[in-house]
Ligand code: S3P
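Given as structure tokens, the chain that follows is alone and in the form predicted on its own.
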Amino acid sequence: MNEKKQNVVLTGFMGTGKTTVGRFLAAELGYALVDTDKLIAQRAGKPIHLIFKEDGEAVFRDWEAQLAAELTRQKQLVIATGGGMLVSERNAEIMQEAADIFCLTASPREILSRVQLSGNRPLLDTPKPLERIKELLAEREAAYGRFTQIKTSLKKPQRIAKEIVKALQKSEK
């Protein structure tokens, strides 16, 4: 029997549903939800796109590394990460020690349609966002591939959360 991990992490590219699914998953498990991007913005006192613009991506990635170490010391969390947080091998290793990690996926076109609704995506501030999504997905393929993949396209978030709960129950056996 596998030892039960104390947290669940949802990672994956922007727009794959990490926070939305995270809300339902946290409710199913009776855990608290932590959205790392929201927490970083709160602590920095400014939105993510301004951190990127004013301080640079490296400063943002430092915030993520600090959170990875901090959150693994807590229990009963569903952690919705920023899309690049677990691309860092060190962050991934730290979080895997205390969490089951699932990577949410969606097609590039679906990602684009989802993120266009939310705006302010600094990595997609380009005339050709679909091409940029494809480039970033290709760059992150190996990093994301380390984790159990959960397709979110054409599925309701509640169904995805239940799918993850079933996967967690199987891993405990």
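For every residue, the number given is its place in the sequence shown, counted from 1. None of these values were measured; they are calculated from a predicted model.
The same protein also exists as the form predicted together with the ligand; that form is not shown, yet it is the one meant from here on.
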Next item on the list: Have a look at L39, A143, L137, L123 for me and say which one sits with a heavy atom within 4.5 Å of the ligand in the model of the complex.
Entry: L123
Notebook entry, point to check: the ligand isn't shown here, but in the model of the complex, which of 105-113, 125-133, 22-30, 54-62 has heavy atoms within 4.5 Å of it?
Noted result: 54-62
Margin query: Would you classify V165 as touching the ligand in the model of the complex, given a 4.5 Å non-hydrogen atom cut-off?
Written below: no
Margin query: in the model of the complex, does M14 come within 4.5 Å of the ligand, counting heavy atoms only?
Written below: yes
Margin query: Under a 4.5 Å heavy atom criterion, is I48 part of the interface with the ligand in the model of the complex?
Written below: yes
Checklist line | Stretch 82-112: residues contacting the ligand in the model of the complex, 4.5 Å heavy atom cut-off | finding: G82, G83, G84
